[in-house]
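Quick heads-up: it's one chain on its own, the form predicted alone, in structure tokens.
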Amino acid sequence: MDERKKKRSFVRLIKKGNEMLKKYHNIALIPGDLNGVTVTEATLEVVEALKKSLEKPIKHTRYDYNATYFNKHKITTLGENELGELEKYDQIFLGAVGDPKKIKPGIVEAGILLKVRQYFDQYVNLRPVILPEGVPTILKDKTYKDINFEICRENSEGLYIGAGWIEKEGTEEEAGYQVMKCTYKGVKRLAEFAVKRAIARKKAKKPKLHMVFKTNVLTYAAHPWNRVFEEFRTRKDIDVYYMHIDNFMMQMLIKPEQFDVVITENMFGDISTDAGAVIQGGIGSAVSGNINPEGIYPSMFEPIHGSSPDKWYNSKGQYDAALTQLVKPEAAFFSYAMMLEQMGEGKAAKLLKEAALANIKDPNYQNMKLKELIAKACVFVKKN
């Protein structure tokens, strides 16, 4: 760890101690773009109705870091000023980013998501793959009893470190190289987090951890993964297995019930968790926690459905309020509930998740408008 990061960690530890004495939770909001704004505002309405279930009140501060902000300030990534602002908060709640009408896809996404994850050492991307009871899955003969596991994606290195180069650009021999960086420290701390999750879940008498990589091809990057696997496989408190990523993707569709907690590399996790979202009822209910387990830095929580330009702009490229009424906010509700759990607000988290599930289980769910779903969730949390 470089000296600047050590200093930041020390200062943050002192702040963390002070935060425990505070009388409220301090949350930074990044609604982002398009329907990131829609679902964030929907979530805040339900959270307002939830306040009687909270141990401490919540203070939200909004930051409009989005495509418009990037264009206005002529930037391609968040800088020290923006990140310094976010560092003041306990947690970060993100709606969704990206507006192809304003900025080329990928710039805002990398400039906010990847930057925040790396700057705040959010080295775990926690993605539950849990099918709610009563919700259908595309997998034949599988139910909520079969689809109940978590994927812990390494979130700070792998193929997403942004390192690489281009050779002979513009010629027939043009070649692009992308570097995959896997460290022993990075893999081991991810495995340690996953073991704690597996033990806490109590899904079976003896929890299971699957390590997923491609050791037979990516032989250099595989070294840390093999080393950690050999260390963890002898543990008595957990059963540890290894799978190649291609086999894992197949097994996830054929026999998902065999999994408890899975760890994998950044890109492999990106792809497999989206497939997991599909089998758990659809990407519209998928959530993601970008976790700094030690709590030295804020963690960031987000729904996975993206900013959905098709439910914001009409065929003429104009904002259409009627389209936003087609948006389903439940993934944002689930994400905020995950954040509540991280903050020790278990009762409120449970209630918010139950409200989201009640919406999804409504027989008329697909035809319900956004305002109806918000109202239904608010009534649920107030009654319970």
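Just so it is clear, the structure is predicted and the values come from calculations on it, not from any experiment. Numbers follow the displayed sequence, beginning with 1.
There is another form of this protein, the form predicted in complex with a small molecule, and it is not shown here; the text below is about that form.
Task: Among 230-238, 162-170, 112-120, 292-300, the region lying within 4.5 Å of the small molecule in the model of the complex by heavy atom distance - done: Comparing against the small molecule in the model of the complex, the contact stretch is 112-120.
Task: Touches the small molecule in the model of the complex: D270 (any heavy atom, 4.5 Å) - done: Because a heavy atom of D270 falls inside 4.5 Å of the small molecule in the model of the complex, the answer is yes.
Open item on the list: Test of understanding: in the model of the complex, would V195 fall inside 4.5 Å of the small molecule by heavy atoms?
Closed with: V195: no, not in contact with the small molecule in the model of the complex.
- [ ] Give a yes/no on whether I107 approaches the small molecule to within 4.5 Å in the model of the complex, heavy atoms considered.
- [x] Answer no; every heavy atom of I107 is more than 4.5 Å from the small molecule in the model of the complex.
Open item on the list: I'd like to know if H210 sits close to the small molecule in the model of the complex, meaning any non-hydrogen atom pair within 4.5 angstroms.
Closed with: It does not: once the small molecule is placed as it appears in the model of the complex, H210 has no heavy atom within 4.5 Å of it.
Task: Selected contact from V135, L253, A222, I304, since only one has a non-hydrogen atom within 4.5 angstroms of the small molecule in the model of the complex - done: When the small molecule is considered in the model of the complex, the option within 4.5 Å is I304.
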